[in-house]
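Listed next as structure tokens is one chain, alone, in the form predicted alone.
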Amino acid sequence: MQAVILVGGEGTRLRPLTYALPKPMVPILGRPFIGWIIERLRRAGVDDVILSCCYLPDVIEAHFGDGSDFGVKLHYVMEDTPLGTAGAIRNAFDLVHGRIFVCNGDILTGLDLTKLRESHEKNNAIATIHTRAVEDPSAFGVVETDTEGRVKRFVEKPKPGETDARDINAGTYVLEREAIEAIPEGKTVSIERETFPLLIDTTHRVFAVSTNDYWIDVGRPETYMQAHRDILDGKFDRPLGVEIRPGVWSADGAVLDCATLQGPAYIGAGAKIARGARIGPYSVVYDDVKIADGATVGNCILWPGCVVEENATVRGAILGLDVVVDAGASVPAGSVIGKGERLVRT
């Protein structure tokens, strides 16, 4: 079976991190983000994956290549300008042979893809939408269904009293090829606002499957951090690497000998942590990071190449590629620092 992953967005909500790295390539505990999606597709029997790209596609292709190292065959389809969620799928039409999965490139989920496909087949659906219930759906597109799961309509960002439904579009679909044919070619088209309503009205074969599986949109700094915490807590999957002590994961299995190392935590390959450094819970220290004597980090994410000098403190922050924290400096909680910045002591 095939899949299309929508990875064309510019990652504006994750700026300044995504000025240097496209959102699909932001690291999450041993893999670029879309590596988690590709692996779950592979486990569900998908061997042919189409990446619908627009922003910094060369970075994605340089890492994943033809996909052979990751157990799938990868194709890259480029958009000169963003075509919307449906337009991006239509842009891949020439590579689509039949039924496909479509995955939103913002979403990390534990959804059972095999069960979603089986439900699609059982219903003889033209399109099946994964949904999940939320307490307050006012910021989402709500999916109304009948008792058999057939979709009746979409309600975008409903006002109080507009609908009793609480299931939102969770961003994973199964589509028949004829559903993709219904999308106008070469135009910017929204699958939620245009394609699904059209298919509902003309075919009555659009269904929804609601689950309570793990689900998070990693497109914002706070949810990007939460995804790390959830994986470290075992709520989704386990980090890649070796568990060198309970709750502490090392990408290369290297044993650490710093003054304090409290899990859960993750240490990337080649990271150099001085013996006098203190690493607190929910620290994520990626490849080739250097943390000096007396430095303290905790509940933070340090991207590859970061340097935390003597007696510096980083808590509750995300540092992008090659950020330097000067000796004695303290990074304010909630900070998101872009590539190559230097934080000085004030």
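Because the structure is predicted, anything quoted here is derived from the model rather than measured. Start at 1 with the first residue shown and count on from there.
Just so it is clear, the following notes concern the form predicted in complex with a small molecule, a form of the same protein that is not shown.
Remark: Ala88 counts among the residues lining the small molecule in the model of the complex, judged by a heavy atom distance of 4.5 Å or less. Within 4.5 Å of any heavy atom of the small molecule in the model of the complex lies no heavy atom of Asp167. Shown alone here, Ala3 lies farther than 4.5 Å from the small molecule in the model of the complex, counting heavy atoms only. Proximity of Pro82 to the small molecule in the model of the complex falls within the 4.5 Å heavy atom cutoff.
Shown alone, this chain has one stretch from 175-183, 202-210, 101-109, 143-151 that lies within 4.5 Å of the small molecule in the model of the complex by heavy atoms: 101-109.
Taking Ile318, Val289, Val49, Cys53 one by one, only a single residue has any non-hydrogen atom within 4.5 Å of the small molecule in the model of the complex, and it is Cys53.
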